[in-house]
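Coming up is one lone chain in structure tokens, specifically the form predicted alone.
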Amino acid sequence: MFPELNNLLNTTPDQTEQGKLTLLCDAKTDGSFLVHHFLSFYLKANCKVCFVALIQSFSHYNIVGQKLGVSLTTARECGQLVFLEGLKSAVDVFFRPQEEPHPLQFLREANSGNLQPLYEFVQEALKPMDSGEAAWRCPVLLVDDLSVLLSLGVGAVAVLDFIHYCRATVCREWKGNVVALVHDSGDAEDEENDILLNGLGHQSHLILRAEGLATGFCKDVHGQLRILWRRPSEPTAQRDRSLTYQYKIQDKNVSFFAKGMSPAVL
């Protein structure tokens, strides 16, 4: 995890909020560093994590995690981490008997809008444990990223339904958290992506949006991060608070600073 980002969000692994939906969004840049932050954050917070990884392999996340002070291999072996590796599972689903359930079953169905098997996988992974097992602080669902489901033919409404059921179970019933990354293509004609982003934005308690610089590439400033705190149940005038910072990604850390206040500029 990145200590400076924790400071901006006013949180620590010892003081994690519960029952929240966090939306991660990237536009014209790579926002994967936010996924790595929250993955290592919740593992260090002793939470039970279900990670639906549709972009990269387990070894990729594990290598980055080791740089941030966590071992995904150890977490998986002790039962703290349940990892769905989409790159492998997408192939495995075609070599299983039709009647055998699989989280990515929609890939082999004519109607690709059914994400119920994926929801049942999450439910099974994060359900409260028996008294004889290790006690984790709270359950957390992390998805990287939901935009992949759109590219695989799943409709935005079906993805929103999936997140709705996950929120109802993980956030409300089990007092856990849901964190999901969505890529903003910036294409005005991509209606499905807009529906997904807007739908999740209205439900989220916290939105972190990583954006590329309008001026183009810079070796000392890699982008800007907009942080929006929301209280969906409150009137609009009272519920939103936002801040914007620029950032630079380093090997084992990310540094944040006010716009125009990069050490390289000063």
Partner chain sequence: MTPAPPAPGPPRPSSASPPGAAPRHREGERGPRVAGEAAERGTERAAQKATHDEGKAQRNGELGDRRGQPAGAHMGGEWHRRIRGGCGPRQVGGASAARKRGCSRCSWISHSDRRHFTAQRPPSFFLPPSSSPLTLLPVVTCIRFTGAEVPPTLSSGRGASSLRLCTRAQEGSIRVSLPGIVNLSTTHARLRQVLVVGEIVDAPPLGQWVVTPSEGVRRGTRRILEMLESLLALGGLVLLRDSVEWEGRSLLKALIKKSALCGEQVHILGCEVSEEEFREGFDSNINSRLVYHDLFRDPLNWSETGETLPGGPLEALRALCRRTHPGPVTIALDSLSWLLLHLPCTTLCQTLHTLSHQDSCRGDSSPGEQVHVLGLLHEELHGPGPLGVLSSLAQTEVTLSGAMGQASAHVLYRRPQQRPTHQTQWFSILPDFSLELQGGPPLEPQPYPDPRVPSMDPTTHLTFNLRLSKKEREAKDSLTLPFQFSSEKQQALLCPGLGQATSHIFYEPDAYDDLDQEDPDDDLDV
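Being a predicted model, the structure only gives us computed values, none of them experimental. Positions refer to the first chain, counted from 1.
Unshown form predicted in complex with its partner chain; subsequent notes refer to it.
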| query | finding |
| --- | --- |
| Phe2, His37 and Val122 each touching its partner chain in the predicted bound form (heavy atom, 4.5 Å) | no |
| Trp174, Phe83, Phe162, Trp136 - the one with a heavy atom within 4.5 Å of its partner chain in the predicted bound form | Phe162 |
| Contact assignment for its partner chain in the predicted bound form, among His60, Arg231, Lys28, Lys44, heavy atom within 4.5 Å | Arg231 |
| One stretch from 193-201, 47-55, 215-223, 62-70 that, in the predicted bound form, holds residues within 4.5 Å of its partner chain by heavy atom | 193-201 |
| Contact of Ala188 with its partner chain in the predicted bound form (heavy atom, 4.5 Å) | no |
| Heavy atom of Ala168 within 4.5 Å of its partner chain in the predicted bound form | yes |
| Contact flag, Val157 vs its partner chain in the predicted bound form, heavy atom cut 4.5 Å | yes |
| Partner proximity in the predicted bound form: Val179 to its partner chain, non-hydrogen atom cutoff 4.5 Å | no |
| Residues of 33-63 having any heavy atom within 4.5 Å of its partner chain in the predicted bound form, listed in sequence order | none |
